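One chain comes next, on its own, written out as structure tokens in the form predicted alone.
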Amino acid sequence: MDPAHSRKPLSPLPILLLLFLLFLPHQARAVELDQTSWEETIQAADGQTLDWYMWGGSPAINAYVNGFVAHRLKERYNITLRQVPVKDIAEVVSKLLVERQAGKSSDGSVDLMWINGENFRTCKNKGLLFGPFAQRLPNQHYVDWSRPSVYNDFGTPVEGMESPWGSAQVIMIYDTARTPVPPKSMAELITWIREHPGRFTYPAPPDFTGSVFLRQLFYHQGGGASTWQGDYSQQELSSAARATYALLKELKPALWRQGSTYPNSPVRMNTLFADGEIDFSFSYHQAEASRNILDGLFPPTVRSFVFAEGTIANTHFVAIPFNARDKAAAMVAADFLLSAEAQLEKAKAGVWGDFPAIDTTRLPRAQQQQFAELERGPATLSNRELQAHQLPEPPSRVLIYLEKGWQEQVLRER
């Protein structure tokens, strides 16, 4: 340093600028950080270790992440991917809340999260996310940001704070050898449950699969999905919820084990179905039935269907915590996950069977053809049929309200 400059008194302007930068809200500082070019982001990611916290309950998903994705990131960008499996991403959200309150604004242990719904709403509202970053990813131009399930995550505007990774839709699973003509609407399913006691169940909320069945029934009892996409009163929500709980309590004696217990996970429900104890399973994953046929859990006569009025669908995302140590690696990984190559690989029935987060019509013709020619599996419905029967998720506050009410009004009721 020049000694003359070291002795010169600071003018008020630099001091004010320093104070402004120190107290600038985190999100605004993140925007400034995002001004670097994509090439500079890739350079910064070189040699970084990406700690990706995600639900680890699916062997197929874990194999895709630790195999295909990890290898590509290492080969192309010299990024080392470490998957950190968790039972519930809410655990990670709680960890970030503690770190935010403790003032740990950098060098965090979580670089990337698999997230959506209420967890995203909490993170966004509490300032736990880095960004907006999604629009900076080169592959985001393959995403149709006009889709409600993409620009809104359970009613919370995304606004670039997370990047799409895949899409999912509820499907019902049945065995044609046991149930040749399954019920094709929620009303028909309710009648079927009453007429076939002990042959149906659902995972206990807040398990996500059990919770989506609760929301599906809530739509049936509460005037349809469109009723809950705009303005509604607390009184309207309470009334529809009470009708939902009343129906579930009325059905309880007709459930597996007379509703005295519930499967603790979709894996357990699938096992009950495979063992012939119940006649239906269901999943928030379109290719679940085909995957279980390939794995030998389900017989080849198993198929899937959606209700005539539709089934709930959503998009799942990845997000970067506010204090992530390796943000550049997280951005490069999020971009790679949107690539046609990565989206095609995870869409393969023998890999994961997840549906694309991108609009494949925006791809070059040759890549569009690759998606069109994918082997979907014997029990997986066509894109056309699924998309023609999609219902949006309700706002996350409805989800929370229903789950809490189920615990109080259905589970504890004897």
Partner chain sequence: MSGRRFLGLAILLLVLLPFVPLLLWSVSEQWFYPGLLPQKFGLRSWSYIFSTASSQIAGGLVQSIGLSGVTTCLSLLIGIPAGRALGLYSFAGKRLIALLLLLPVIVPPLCVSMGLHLWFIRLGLAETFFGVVLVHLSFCLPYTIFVLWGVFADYNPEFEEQARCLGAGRLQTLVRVTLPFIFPGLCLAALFSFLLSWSQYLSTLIIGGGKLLTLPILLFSLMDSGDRPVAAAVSLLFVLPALLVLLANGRLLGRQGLSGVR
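Here the structure is a predicted model, which is why all the values come from computation and not from measurement. Residue numbers count along the first chain shown, from 1.
In what follows, reference is made to the form predicted in complex with its partner chain, a form of this protein that is not presented.
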Checklist line | Region of this chain that lies against its partner chain in the predicted complex, out of 343-351, 361-369, 45-53, 384-392 [heavy atom, 4.5 Å] | finding: 45-53
Notebook entry, point to check: Is the gap between G230 and its partner chain in the predicted complex 4.5 Å or less for some heavy atom pair?
Noted result: no
Note to self: Just checking whether S238 would be counted as a contact of its partner chain in the predicted complex - the rule being heavy atoms within 4.5 angstroms.
What the structure shows: no
Check: Just to confirm, K95 within 4.5 Å of its partner chain in the predicted complex by heavy atoms?
Finding: yes
Notebook entry, point to check: Using heavy atoms and a 4.5 Å limit, would one call S167 a contact residue for its partner chain in the predicted complex?
Noted result: no
Next item on the list: Using heavy atoms only and a 4.5 Å cut-off, determine which of H196, K184, R82, K252 is in contact with its partner chain in the predicted complex.
Entry: R82
Check: Among P148, P299, G223, G127, which has at least one heavy atom within 4.5 Å of its partner chain in the predicted complex?
Finding: P299
Check: Mind listing which residues of 73-109 have a heavy atom within 4.5 Å of its partner chain in the predicted complex?
Finding: R82, Q83, V84, P85, V86, K87, E91, K95, V98, E99, Q101, A102, K104, S109
